[in-house]
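The form predicted alone is given below as one chain in structure tokens.
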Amino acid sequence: MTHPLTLIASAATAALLAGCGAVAVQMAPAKVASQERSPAAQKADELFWSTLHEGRYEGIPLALRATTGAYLQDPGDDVTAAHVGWLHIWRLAESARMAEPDPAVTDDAVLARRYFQEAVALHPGEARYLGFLAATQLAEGAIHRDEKLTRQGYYNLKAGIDAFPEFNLFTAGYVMSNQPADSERFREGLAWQWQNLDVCVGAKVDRLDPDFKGYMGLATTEGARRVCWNGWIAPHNFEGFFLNMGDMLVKSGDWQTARKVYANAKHSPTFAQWKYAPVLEARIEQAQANVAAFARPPLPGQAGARMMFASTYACMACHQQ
């Protein structure tokens, strides 16, 4: 029989070691962000952007190889870390493109979250990274039914909105578009889309007649409000925003207002060049019929209309040239 003093000594030793371990972890030096970007990172950037802007979903593995390789050469590069995360989340977001459903694609949520976590740590002042981190935490939390991670994602979304509302109100609302139509989170996400319009124009947009024509003169490529309009990163951001918001209104049952919101995309000077213009035209025509379709959770191989969030153009509606 073990002597009581021996047990006490063993417990004390274990506690001491645990305490030392905690201190050692706390005292570990933080990663240092790189001051310059490597040639490999710059070359990977070119492939990243061409793959994204050309909508080459099948090119994601090649782009990931180059981008991940550049990150491993320089793990202090926040831009490269974010690009790796973005490629993983794109593959997951548009997995409806896959000929055969692949359960392993859910691992992309884990990897995306890890790389955006690195990007946030390396550049904590970049609120767009925080918004993407939150979105991936919510995705991973939902997949693994991890309520703690889900709550972390939700409150990071809120922090991202506070830091950069023009950008993260859309990010947050888009993520919530996948929630049940009668849920508090979905209603909050839709409210964030309205709020996004307000902060982008500096006024309260009419909820009953949300015609954006009178605000088009506010378009800019500078400052925080640049993300409200089309730009090099997201050539059809404006059109994609109204496609998603219209979808959310349809899902809520308000298909009449949805038609007006969808129509705002036509005010874009590049609407005619937008690959998904026919999708939007069909949405306007089928708005009432899509109320029931959008309220149902999308299933692999399911026929019929899908909301932008669950579609084959979940990212491309904004980013494809």
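Fair warning: this is a prediction, and the values are worked out from it, not measured in the lab. Residues carry their position along the shown sequence, with the first being 1.
Form predicted together with ligand HEC: not shown, discussed below.
At a distance of at most 4.5 angstroms from ligand HEC in the predicted bound form, none of the three residues Tyr276, Arg283 and Ala287 contributes a non-hydrogen atom. Using a 4.5 angstroms limit between non-hydrogen atoms, Tyr174 touches ligand HEC in the predicted bound form. Put simply, Phe241 is close to ligand HEC in the predicted bound form: some heavy atom of it is within 4.5 Å. Within this chain, Tyr115 is remote from the site of ligand HEC in the predicted bound form, having no heavy atom within 4.5 Å. Taking non-hydrogen atoms only, Asn237 approaches ligand HEC to within 4.5 angstroms in the predicted bound form. With ligand HEC left out of view, the stretch that reaches within 4.5 Å of it through heavy atoms in the predicted bound form is, among 183-191, 154-162, 225-233, 247-255, 225-233.
Scanning 152-182 for heavy atoms within 4.5 Å of ligand HEC in the predicted bound form gives Phe167, Phe170, Tyr174 in sequence order.
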